[in-house]
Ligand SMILES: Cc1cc2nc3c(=O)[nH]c(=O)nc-3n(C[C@H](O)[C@H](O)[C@H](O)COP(=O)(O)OP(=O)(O)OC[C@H]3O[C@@H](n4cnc5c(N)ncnc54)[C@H](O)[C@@H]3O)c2cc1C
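Before any questions on binding or motion, here is one chain by itself as structure tokens, the form predicted on its own.
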């Protein structure tokens, strides 16, 4: 490629495309509307808590090979920690506690085979219709579905869920190793990518919001960037932004919210078994994450919670979290509630079928993002994989990888 690759959007998909293309020798320019990179997967210092927090808590598994390759290529892997492949849970109704490990799944072989998609899955099946009557539904399949797909089991595609389960459960112990972010998402996935791009001479422009795109130019609110016939463009934007700038628009996609609560305590948080995370069953919250003196709660598929007042959400999630880790009743500590109303697509069959591919009618214009057509649901792995796929198309190198 002799021209410049312009990437609009510095979320993980855009950063991944930029890193892959720059390392392959392509001249790269990144344009981002916000004053920072990372999109919906970043860290920032919260003034209220006076701590670095993530806009949403995340885990990466060993099965997410493209994400780990990206982190290795940028050096961000040094800011990640591999934990033991153990997933602790607590049922807040019964008080029961258990651990899920590669050798200890709380499900029989019949359930596991069904979750893996064997012997077959009808296109119309949901996770609930396939697994909802199984003995381990509440203890295993429901929390896994909500965490991975951010969609209630009654709506979530059983086919997509089975695909992710095969990658995790059939990949051996290594595939289930959880990687955590003790210094925050940006320290591992954003800042190292920006440093890598700088080392390859890539341009990165912030506070540049795209207004329109044609074959001749990218029009931003602060600049017009002419395009030559040798230039190419990757739009790494969410669908609701893309629809406003593309002449053909983009399909309307159903989305689902995620709510996160961050509580600052007066002492370091200790989760059972010295784990970095804890799954909650029969609770409004779904996962607890501990980082220093900050206890974070993630609520996936949070349609029922997103419209409630922040103080009500804080009180509810603090009550659950404190009971889960055995704290005595106490007033709600300093808290920050974050609502990502369009955190991911809804992973029902109709929405999945409407996910577009990376190509457009313009042969020099491509799309990237966690919402682009993929066997993965909208996750970090989907975003980074889509960025790499777009970079392969731009460079005409199907064998392009992050490690050159």
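Positions refer to the first chain, counted from 1. Computed from a prediction, not measured in an experiment: that's the story for all the values here.
Separately, the form predicted together with this ligand exists; it is not shown, and the next lines address it.
Only one of 107 to 115, 326 to 334, 208 to 216, 223 to 231 places residue heavy atoms within 4.5 angstroms of this ligand in the predicted complex, namely 208 to 216. The single contact residue among 73, 258, 197, 290, judged by any heavy atom lying within 4.5 Å of this ligand in the predicted complex, is 258. Residue-level contacts in the predicted complex: of 43, 26, 374, 344, one residue has a heavy atom within 4.5 Å of this ligand, and it is 344. This ligand is not shown here, but in the predicted complex it comes within 4.5 Å of a heavy atom of residue 237. In the predicted complex, this ligand sits beyond 4.5 Å of every heavy atom of residue 355. Residue contact with this ligand in the predicted complex: residue 65 places no heavy atom within 4.5 Å of it. When contacts are judged by a 4.5 Å heavy atom cut-off, residue 271 does not count as touching this ligand in the predicted complex.
Residues of 355 to 378 placing a heavy atom within 4.5 Å of this ligand in the predicted complex, in sequence order: 369, 370, 378.
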